[in-house]
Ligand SMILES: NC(=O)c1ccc[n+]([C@@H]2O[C@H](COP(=O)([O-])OP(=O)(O)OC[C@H]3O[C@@H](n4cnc5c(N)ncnc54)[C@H](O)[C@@H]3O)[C@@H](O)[C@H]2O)c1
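There is one chain below, alone, in structure tokens, taken in the form predicted on its own.
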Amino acid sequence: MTPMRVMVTGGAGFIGSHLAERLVSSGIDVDVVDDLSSGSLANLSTARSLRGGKLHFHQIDVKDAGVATLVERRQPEVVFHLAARSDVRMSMVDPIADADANILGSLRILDASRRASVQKVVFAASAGIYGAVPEDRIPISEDVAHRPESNYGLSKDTVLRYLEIYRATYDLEYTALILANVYGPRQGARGEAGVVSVFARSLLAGSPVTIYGDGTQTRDFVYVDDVVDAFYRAMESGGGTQINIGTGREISINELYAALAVLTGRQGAEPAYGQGVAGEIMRSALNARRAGWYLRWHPFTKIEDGLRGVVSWMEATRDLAE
């Protein structure tokens, strides 16, 4: 039998490289598309060494018109679209670049997918689509109105609308996974959950840590292996749905810092505090009940174990550069 073929945009990045490993180890041929602006070939070293499916790397930007030719030539059955500019702060500084990558880049992928008769697109959305919600609606369920407060959140929300139109008009199936703050090994300093890697690297290196705002803002931190499991399940389940992927548990940035300080042996080190970030919401956690219904997915990594895994990985690899 011919192995299943899929494409992962942003596949040399943090989440994408972990997903590539899961797919290759399952006997699936994987085309990784990445411009290496934030990802790296080193992230794919494990995926390349695994037995099972084959991994093919294509260095191209999803904004490039040539991406359509690539999709039509490779004919993937499923496209996992993870490529994005994911820095909330930078989206407020340069909204045009954010929209160019996250909206127009995504539209190129969707249009290429429908022209190439791709069966399904699995899209990485963000909890930033919800914005600030009433306290009695936290953890946030999927029926909460979308009121993004950052350009990044708005760009992700816009793609959700395109997904609905492409499904209704062109019969291109999709599942959108609305991700809480994903963390784990290989994560850089960018992105919504980059605070975990930033804190851990700085603490291990003996460098000062700055918390922006007063540190009482909360987030829902979900481990990368759990998220990859959701993406894998979404290949065949959850068609036409938007599904939260998170733990439902709020952790303040101050609590996160304290936990990492203990794990790195720096519990006496006090953080500095800086000005809060424009567009940042104060509280966020996702109700993932729908993920259980449609994907049979539940988070399985406790935050204590996940943070310990990050610290252990950094110590083992000496990946302490920010």
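The structure displayed is predicted, hence computed values, not measured ones. In this text, residue numbers run from 1 along the sequence as written.
Just so it is clear, the following notes concern the form predicted in complex with this ligand, a form of the same protein that is not shown.
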| item | value |
| --- | --- |
| Contact test, all of D34, K63 and A125, partner this ligand in the predicted complex, heavy atom 4.5 Å | yes |
| In the predicted complex, Y152 touching this ligand (heavy atom, 4.5 Å) | yes |
| Partner contact for I15 in the predicted complex: this ligand, 4.5 angstroms, heavy atom | yes |
| Interface membership of S38, this ligand in the predicted complex, 4.5 Å heavy atom rule | yes |
| This ligand contact in the predicted complex: G306, any heavy atom under 4.5 Å | no |
| Stretch in contact, per heavy atom within 4.5 angstroms of this ligand in the predicted complex, of 195-203, 83-91, 234-242, 135-143 | 83-91 |
| Residue (of S113, T175, T247, N181) lying close to this ligand in the predicted complex, criterion heavy atoms within 4.5 Å | N181 |
